[in-house]
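This document opens with one chain alone, in structure tokens, the form predicted alone.
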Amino acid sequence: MRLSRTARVALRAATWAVLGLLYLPLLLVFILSFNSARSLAWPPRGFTTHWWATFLDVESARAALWSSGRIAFVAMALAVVLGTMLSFALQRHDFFGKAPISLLAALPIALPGIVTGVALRNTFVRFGWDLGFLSVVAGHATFCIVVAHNNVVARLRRISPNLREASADLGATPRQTFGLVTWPLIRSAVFAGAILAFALSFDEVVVTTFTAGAGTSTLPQWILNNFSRPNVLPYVTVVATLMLVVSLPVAWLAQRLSEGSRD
């Protein structure tokens, strides 16, 4: 159905209005990170790069950055391995309970973060598992696995089984078929899932709040805890902007990897 010129203009205006509503606050945070005043007052009182040059001197911010990076990397690795294995199991094999397992595999990303966080915390406390680095990694992996699984299983569904059969007919072993046929076709989907899993883990705050112990603090937690402290507030805007600068290219790269190898 062809839209009228008025409808197209209205739709375009609504689209730009929604994008502005979403991204204008992010732009304001970026501008305020160069504000010379120790406040979020608008308009900025002056321009300075002092906060950017010295934010790594804040020991708590540096520790939170290192903690977030380690947690995100380990959670990403677990998600890629377990999510890819789950994708092959559900896509390539038929077994009893396949449908419920498929539903349970997608459930963590659909549940509210606070529900997942409370459930995990109660489980860890019930079985005497100390809250800390490992509990946060386990909490992040629950929803990161879903991201890796969704990317890989979607790619596997587009791969014709005739390719594996042809490889077997030519004398290739299952390992050779995977390395020479299957892996090149799913490689970009695996990398896209890994990138998205890392970004989700790096930005997660709700599940982290419930699964982290007293000695574990991530960058989103640091932002939340220091937002009301005037002496640290300028650095909060810097860290928030830094997370934005990292997250947007990561999301773009994941999208390009997903699109670049479509059949």
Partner chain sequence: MLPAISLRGVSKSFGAVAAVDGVDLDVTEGEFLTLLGPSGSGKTTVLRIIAGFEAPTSGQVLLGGQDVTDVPAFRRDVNTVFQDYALFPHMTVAGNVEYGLKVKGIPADERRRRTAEALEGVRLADLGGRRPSELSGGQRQRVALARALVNRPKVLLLDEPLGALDLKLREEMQVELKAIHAEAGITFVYVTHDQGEALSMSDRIAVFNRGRIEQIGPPREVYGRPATAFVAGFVGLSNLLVGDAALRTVGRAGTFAIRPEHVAVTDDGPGFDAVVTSIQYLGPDSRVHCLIDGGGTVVASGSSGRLATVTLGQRVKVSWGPESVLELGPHH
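Please read all numbers here as calculations on a predicted model, not as lab measurements. Numbering follows the first chain given and starts at 1.
One more form of this protein, predicted in complex with its partner chain, exists but is not displayed; see below.
In the predicted bound form, at least one heavy atom of residue 169 sits within 4.5 Å of its partner chain. At a distance threshold of 4.5 angstroms between non-hydrogen atoms, residue 84 is out of contact with its partner chain in the predicted bound form.
Among heavy atoms of residue 173, some come within 4.5 Å of its partner chain in the predicted bound form. Using a 4.5 angstroms limit between non-hydrogen atoms, residue 112 is distant from its partner chain in the predicted bound form.
Just one listed stretch, out of 85-93, 173-181, 103-111, 189-197, contacts its partner chain in the predicted bound form at the 4.5 Å heavy atom level, and that stretch is 173-181. With the partner omitted from this view, the residue of 125, 154, 185, 118 that lies near its partner chain in the predicted bound form is 185 [heavy atom within 4.5 Å].
Contacts between 154-168 and its partner chain, taken as any heavy atom within 4.5 Å in the predicted bound form, involve 160, 162, 163, 165, 166, 167, 168.
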